[in-house]
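Form predicted on its own, single chain, as structure tokens, below.
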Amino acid sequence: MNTSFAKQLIHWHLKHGRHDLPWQKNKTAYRVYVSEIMLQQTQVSTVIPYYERFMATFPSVKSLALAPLDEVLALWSGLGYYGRARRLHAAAQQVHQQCRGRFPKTMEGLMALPGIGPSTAAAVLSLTYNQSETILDGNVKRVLARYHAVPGPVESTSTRNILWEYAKKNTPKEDAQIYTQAIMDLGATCCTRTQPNCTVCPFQNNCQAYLLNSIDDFPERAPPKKKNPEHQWELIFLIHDNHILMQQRPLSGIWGGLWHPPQIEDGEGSLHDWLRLHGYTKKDLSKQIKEKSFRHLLSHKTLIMTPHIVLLSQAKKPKGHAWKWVSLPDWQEYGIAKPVERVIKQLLHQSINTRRPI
């Protein structure tokens, strides 16, 4: 065990660490767990308002477990990576039903819950109960890759295994709670991905990347991924009497469980084909507006989305699908993907400015 590393880091954290994050107050396993799931692939500044709204609505694991998934997804709307919200909800149900509302206090018990891997489980145990468990999130990988000048992209299995070994050696038996927060803080605020502030780093005299004048070379970047393929989506916003027609997406796949307007993907026909297929005639249409297309980037593809605003003289529901007419003023009660939210906000803004019903 490298006790010197831990002592230096803990000493640095007393002065430079973050001590007022919302999940550090009234600390419980549930509050820490929710924060750790939200922080996966998301910055702290983005997470904080979502976390505060989420905890105000679901202050306990029981309240989250008993809530409908729609309500959970609505609060998550805009945070992205919606599988996290579904697994968070499923884990809360499992804790409530099988663990009497108490989070397990072992690595094995936590990792048996949906969406919890070894690093997340370790963070919950360390930050909540001061247990000496090893974490290896993105910030920690970057710190250790630089400190030890570990070659290879951190995404590779071999590099990750090396970093795990270093992480275990550096994790202290005592003060694990402070150490865990400290190493995450160091990566988030000092040893950042770009323009790290090495002048205030506690490891300036020992960091191999710094001593080699090679900070920018660690961690190594993975080879560039192939450019995301582009997919054309026509979004159909059917509107009548200040209501919009929406459908809940399947739980699996993109934006699982979220509410979404009808869509036409590449090669699936035209707007008029869709309207005719679902029982709409020219008499039902009072106005059509084709909005400007915009791009929405996903991790695996790029969506080129073209909204079609179709004002109806009467409301219908397409047959054979679980459609719902959603009140536009109440759209925030539903889990809606970011690009759909963008269009709805634009519609509401236009409605207010023109003082006419949508």
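All residue numbers are counted from 1 along the displayed sequence. Please read these numbers as outputs of a predicted model, since none were measured by experiment.
The same protein has a further form, the form predicted together with the DNA, not shown here; the description that follows concerns it.
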| item | value |
| --- | --- |
| Contact of R87 with the DNA in the predicted complex (heavy atom, 4.5 Å) | yes |
| is_contact(G138, the DNA) in the predicted complex, heavy atom dist at most 4.5 Å | yes |
| 4.5 Å heavy atom contact, P339 and the DNA in the predicted complex | yes |
| Exercise: P172 in contact with the DNA in the predicted complex, heavy atom 4.5 Å | no |
| Whether V72, P104 and T128 all lie within 4.5 angstroms of the DNA in the predicted complex by heavy atom | no |
| The single option of T28, T57, S327, Q43 touching the DNA in the predicted complex, heavy atom within 4.5 Å | Q43 |
| Candidate from P202, G152, G109, P118 lying within 4.5 Å of the DNA in the predicted complex - any heavy atom | P118 |
| Listed range touching the DNA, judged in the predicted complex by heavy atoms within 4.5 Å, from 205-213, 271-279, 190-198, 236-244 | 190-198 |
| Stretch 241-255: residues contacting the DNA in the predicted complex, 4.5 Å heavy atom cut-off | G253, I254, W255 |
